[in-house]
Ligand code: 5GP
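Only one chain comes next, encoded as structure tokens, the form predicted on its own.
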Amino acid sequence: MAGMETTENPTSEAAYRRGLAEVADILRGWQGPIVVVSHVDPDGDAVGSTLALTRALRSLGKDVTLPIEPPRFLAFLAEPGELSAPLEALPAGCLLAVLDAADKDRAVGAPLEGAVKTLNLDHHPTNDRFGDVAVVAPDKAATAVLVKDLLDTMGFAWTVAVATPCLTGMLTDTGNFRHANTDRTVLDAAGELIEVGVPYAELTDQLQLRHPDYFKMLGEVMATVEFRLGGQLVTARLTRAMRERIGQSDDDSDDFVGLIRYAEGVKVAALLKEREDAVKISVRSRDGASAQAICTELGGGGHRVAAGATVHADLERTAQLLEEATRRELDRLAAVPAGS
């Protein structure tokens, strides 16, 4: 599948608007089935953006399937029967919309081959613009912002049911508008969704609720905190043994890396989550350090201040590889002239 061809800067606002208009035309005219998917281990933006688009298209009479399993703390967003299990094959003649997935390998829920046409909507800078039509906007705070702009382009009449998951995507990817990706664009978009009638205070409160086991897991994870590289790197671990004792309560454990990143002197924070045959790393950074560079070196990707990778090694080896990649990134940062 060839990416969208254009002679202009693909990240320009003009190209962005043209791409949205092309996607809007395709969605309006599509008469067959549509399948919407996102990335493995879906977060608030993945769930929110896909659910908002799915509900909007269904309200327009489209046949849409959304095979996604939200983490427990986001399950309240979906109505019974609204989501499907992963598909073994795509419906004949379908349109595939891939949202918030930086590359094809991270997209799950359905096979990515066999669609008549594939749409790629994303805000990750490492996205290689796969698909027949790709709208990739790294300057947008969340893929939910792209969905908001897309539905506005389509002239969609917003409802609370569609606005709520869309706003959720913006809230979660900006850390409730605290992260560095928060800008006027996402704040304006969120304000417009709130004006639709989304109960903002109730939604933000609901998004903070966690199962009691979460707090048991939090205690164990915090007991593993280590400071490395002169205190500039902080790590924590979530092991298989912890899951065996407490249960599968790690579907919202990225909160943990968000906590340890606030330790004084830290430039890079990482949570290492042990799985059957690999370790998943979630990395956050500040003060100019690039989480994206660290995770790209480890085979992953993401944003400059929030990224991730999956390393096929044990915990100790993964921690060593992470420390080495972080040291190189901090050395690069130290070599940058002040003020540049």
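In this text, residue numbers run from 1 along the sequence as written. Every value quoted in this text rests on a predicted model; they were computed, and no experiment measured them.
In what follows, reference is made to the form predicted in complex with ligand 5GP, a form of this protein that is not presented.
Q: Using a 4.5 Å cut on heavy atoms, which of Pro33, Pro70, Pro67, Gly301 is close to ligand 5GP in the predicted complex?
A: None of the other options qualify; the answer is Gly301.
Q: Let me know the one among Ile294, Ala309, Leu272, Val37 whose heavy atoms come within 4.5 Å of ligand 5GP in the predicted complex, would you?
A: Flagged contact: Ala309.
Q: In the predicted complex, does Ser282 come within 4.5 Å of ligand 5GP, counting heavy atoms only?
A: Yes - in the predicted complex, heavy atoms of Ser282 and ligand 5GP come within 4.5 Å of each other.
Q: Using a 4.5 Å heavy atom cut-off, state whether Lys267 contacts ligand 5GP in the predicted complex.
A: No.
Q: Give a yes/no on whether His124 approaches ligand 5GP to within 4.5 Å in the predicted complex, heavy atoms considered.
A: Yes, His124 is a contact residue.
Q: So in the predicted complex, is ligand 5GP close enough to Asp103 to count as touching (4.5 Å, heavy atoms)?
A: The answer is yes: Asp103 has a heavy atom within 4.5 Å of ligand 5GP.
Q: Counting any heavy atom within 4.5 Å as contact, can you tell me which stretch out of 211 to 219, 198 to 206, 227 to 235, 103 to 111 lines ligand 5GP in the predicted complex?
A: Looking at the partner contacts, the answer comes out as 103 to 111.
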